[in-house]
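In the form predicted alone, a lone chain appears below as C-alpha cells.
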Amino acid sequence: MKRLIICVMLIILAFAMFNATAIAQEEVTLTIQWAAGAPMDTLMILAEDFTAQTGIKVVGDAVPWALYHDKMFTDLASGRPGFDIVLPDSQWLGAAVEGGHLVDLTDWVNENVDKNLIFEEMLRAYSEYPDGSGRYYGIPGSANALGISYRKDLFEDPAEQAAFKEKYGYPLDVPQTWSQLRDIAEFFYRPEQNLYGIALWQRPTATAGVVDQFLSLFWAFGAELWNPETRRVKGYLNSEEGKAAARLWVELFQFHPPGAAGYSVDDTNVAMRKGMVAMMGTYFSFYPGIHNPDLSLYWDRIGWFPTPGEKRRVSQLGGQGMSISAYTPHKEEALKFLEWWLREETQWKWVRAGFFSPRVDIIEDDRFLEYAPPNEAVRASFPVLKDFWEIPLYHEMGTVMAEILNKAVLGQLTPEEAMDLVAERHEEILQREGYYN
C-alpha cells in the first residue's frame, strides 16, 4: 500500500511539473523586429506553426523600411531593446557585432546547421563576422538577390526584334552581358513615346540606392572593392575594370526617365508598373507589386532575368540574416525559433508564400519554379551572389560611394575621376579607423 501511495504521489508530482513547464512556456513571448511589409506579415503567419509546436508565442515589431536601420540600432544601443530576434541587413552585421548587440551563435550553428544545405555566400554575408573567422552571429533569414525585370511584350514583338537585329546585328533577347543590356536600353529609349530604356536605383544613399545596383555591374567587369588581405582600396576599386564599369554605368543613365538621379525602390517599381521603361532593376523580393493587376498596367507582360555578366556574372546579394539580441531573457526559446526557421518544411511554406529560401536543396528543386514569377532568375542568381563590406564603416563608405557616383551620372565628375575619388576617400576612412595599423 505504501508503495502504491508513493507511486501515485510521483505521478501527481510529474504531472504538476509537466503542467508547470507548459505554463512557463506559454508565458514566453518572442518579439521579432523586422522591416514592415509582406515578408514580415508572412513570417508572423508561419510563426503560428512554431507556437502550435512549442507553446512559445511570437509577435512582430514591424518598422517602416526608411526607419528600420536607425530604429534597430537605437533600440540595441539602449541595452533594453523591445525584441528578442532581429533581421538586420547583411551589411549591418559588423556594426551590430562590434557593438556587442548580438548573441554569438558559433557553437550552435556548428552543431545545428548543415552548412552544405545553405548557399555559401548567404551563410557568410548574413551570419559570419569577421569574414573568414568562422564566428557566426546569425543564420540566413530572408534570402534575396538583385535582378532585372523587363517588358516581354516589347522583347517578343516581331517588328521590334527585326528592327533591333538590323541595328545591332544580333537577336533581341534577354541580355547576357551588360554591354548588350546597354544596347537594348538605347534601342527602347523613346522619350517622344514616354518610353525609356531602363530604370536603375540612382539615389545617393548607402542602402536602397546606387551602390546596391552599381556593384552587380562593377563586379561583372572583374573589379573589386579592396584587397581583402591588406584592405587597400587604391588599385582595386579604381582599377581599369572599375573605371570601365563606371563608364558604362554613366552611359546607361542617359537612357533613364527624367529625374531618375533620385530613383530608389518605389520610383523604379512605379516606372515598370506604368510601362514607362523596357527594363528595371530591383531586388527580386519586390516582385509582388509588379505583378499585381490592381497596381500594374503590365502585370501579365513582365518577365525577369538575372543581372548580366561581362567578364564574369555576379549578382548582388540582398536580404537579411536572423540574429538574437544579446539582451534577450529568452535565448533558449529564440534558438528554438532559429532551428524551426531553417527546417525544410518551414522553408517550403516560405517558398509557397512567394519568397526565397537560402537552402540549396529547395532552390534546385523544380517545384520551386512554380511559386513566383522571378524564380527561374532567382535560381540562376543565388549560386553567383556577392556582397559588399559588412564592417561597421559600411554606412559611411557606402554613402561616400553613392554620393560620388551620383555626381558622375549628373556630369559633375568623369567616371574615372569618380572612381579615383571613391578609392581615396575609402582609404582615408579606413586609415582613420586604424585598419592599416
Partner chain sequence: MSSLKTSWANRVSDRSLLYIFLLPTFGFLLFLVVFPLAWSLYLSFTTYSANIDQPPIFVGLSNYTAIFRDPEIWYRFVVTGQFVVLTVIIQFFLGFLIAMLLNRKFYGRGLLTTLFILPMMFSPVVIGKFFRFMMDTNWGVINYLLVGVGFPRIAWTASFEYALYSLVIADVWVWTPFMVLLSLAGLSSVPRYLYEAADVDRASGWFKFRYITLPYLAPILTLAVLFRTMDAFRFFDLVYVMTGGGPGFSTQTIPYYIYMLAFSFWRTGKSSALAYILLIIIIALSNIYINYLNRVRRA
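Residue numbers count along the first chain shown, from 1. As the structure is a prediction and not an experimental result, all values here were calculated from the model.
Unshown form predicted together with its partner chain; subsequent notes refer to it.
- Heavy atoms within 4.5 Å of its partner chain in the predicted complex are found in exactly one of 329-337, 264-272, 168-176, 234-242, that being 264-272.
- Taking the partner from elsewhere, Y196 is found to have a heavy atom lying within 4.5 Å of its partner chain in the predicted complex.
- When its partner chain is considered in the predicted complex, F305 lies well away from it, no heavy atom lying within 4.5 Å.
- Using a 4.5 angstroms limit between non-hydrogen atoms, R359 is distant from its partner chain in the predicted complex.
- In the predicted complex, its partner chain sits within 4.5 Å of a heavy atom of E396.
- Among L248, L342, M276, V109, the residue placing a heavy atom within 4.5 Å of its partner chain in the predicted complex is M276.
- Checking K386, K407, K57, R379 against its partner chain in the predicted complex, a heavy atom within 4.5 Å turns up for just one residue: K407.
- By the 4.5 Å heavy atom rule, the three marked residues H69, H101 and R203 all count as contacting its partner chain in the predicted complex.
- Contacts of stretch 238-261 with its partner chain in the predicted complex, defined by any heavy atom lying within 4.5 Å, are made by P257, P258, G259, A261, listed in sequence order.
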